[in-house]
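In the block that follows, a single chain appears as structure tokens, in the form predicted alone.
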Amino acid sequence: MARSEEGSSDARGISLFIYERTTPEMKIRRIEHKLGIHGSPTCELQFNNAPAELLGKRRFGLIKYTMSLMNGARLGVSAQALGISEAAYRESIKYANKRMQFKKHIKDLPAISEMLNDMSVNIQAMRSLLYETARIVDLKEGLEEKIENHPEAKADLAHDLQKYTKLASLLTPLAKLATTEMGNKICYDAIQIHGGVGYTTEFAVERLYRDIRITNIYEGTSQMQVVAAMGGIISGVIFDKLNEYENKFDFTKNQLATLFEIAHSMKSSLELAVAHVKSNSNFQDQHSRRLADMSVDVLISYLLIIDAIKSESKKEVAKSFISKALHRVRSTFDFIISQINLFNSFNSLKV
């Protein structure tokens, strides 16, 4: 990727190029020494008047070609974070079943038991979000391919493509935000469960802790994922999807009505919070992360109830996640409303 348009300073002046690796005009300056991910070397490449061929069209390198890769990149890193989290959980279970303290296995200590349960529930919750996001991206890319191969069908498929493009633009950043941030928490807890030995290189969790750290940084930091997701939250794309779930599934099945009532109340809190935040652009900047976190909790709550409709074993997972998500959503909602009311009160005093 390089700037191709002389005098340009924005993203529209960037194009993609193909460089033939066998020619000598490029050299590897250094191998980076990183905190983790040692199995994947990272290096800086220096090009010195290197001959290259234009890839695609000029000026589209960043705004079209690179951005088109973002859905897949976010999904890939989300899956990576989920895999590392699963490994950390399995290591923690194995250690907790062996380690004795106060004449009992530490897995039977309430503090450790709750940590392990939270790990398991959150991994299953993140997996539901990741799978749903992957499904949406598959549908979007399938429609794009069909339109490319059958241009005559474009008019009929345009509406669906627009719908799934908006959903992918919302769900991929939310999935990356949620899985990578939760992955960091799970690996943190894994070391805590291991105690002092978890800080040594004798156990795998220290490596997992180092490896997970990059996931909420590369392919867009968590803060950038929030920015990417806000359009779909503020414009109501997320509520359209939640309403679609309500119309498609019977949430009264398998004695899930109570759980759905809680999830629906969280959705109402999110709708009200978004409405308040939209009243002032400053509020959107201030509370964007909180709205994103609320959206993740509400979305996953719906997805876990859908999982529980299909599988009885998922009911306890849904109960556990939703009970804690409700507290988070209510607390965040109360904070947003109190901050906005305080701001409005100060403005009234100034007047």
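What we label the rigid core is the largest C-alpha set whose atoms superpose within 1.5 Å from one form to the other. Note that this is a predicted model, so its numbers are computed, not measured. Note that residue numbering begins at 1 and tracks the sequence as displayed.
What follows is about the form predicted together with a small molecule, which we do not show.
Look at 223-231, 130-138, 255-263, 177-185: in the model of the complex, residues with non-hydrogen atoms within 4.5 angstroms of the small molecule sit in 223-231. Each of 37, 214 and 217 places at least one heavy atom within 4.5 Å of the small molecule in the model of the complex. For the options 42, 313, 323, 46, the one in contact with the small molecule in the model of the complex, meaning a heavy atom within 4.5 Å, is 42. Annotation for residue 16: C-alpha shift of 2 angstroms or more between the shown form and the other one, rigid core superposed.
Core-superposed comparison between the shown form and the other one: the C-alpha position of residue 285 differs by less than 2 Å. After superposition on the rigid core, displacement of the C-alpha of residue 35 between the shown form and the other one stays below 2 Å.
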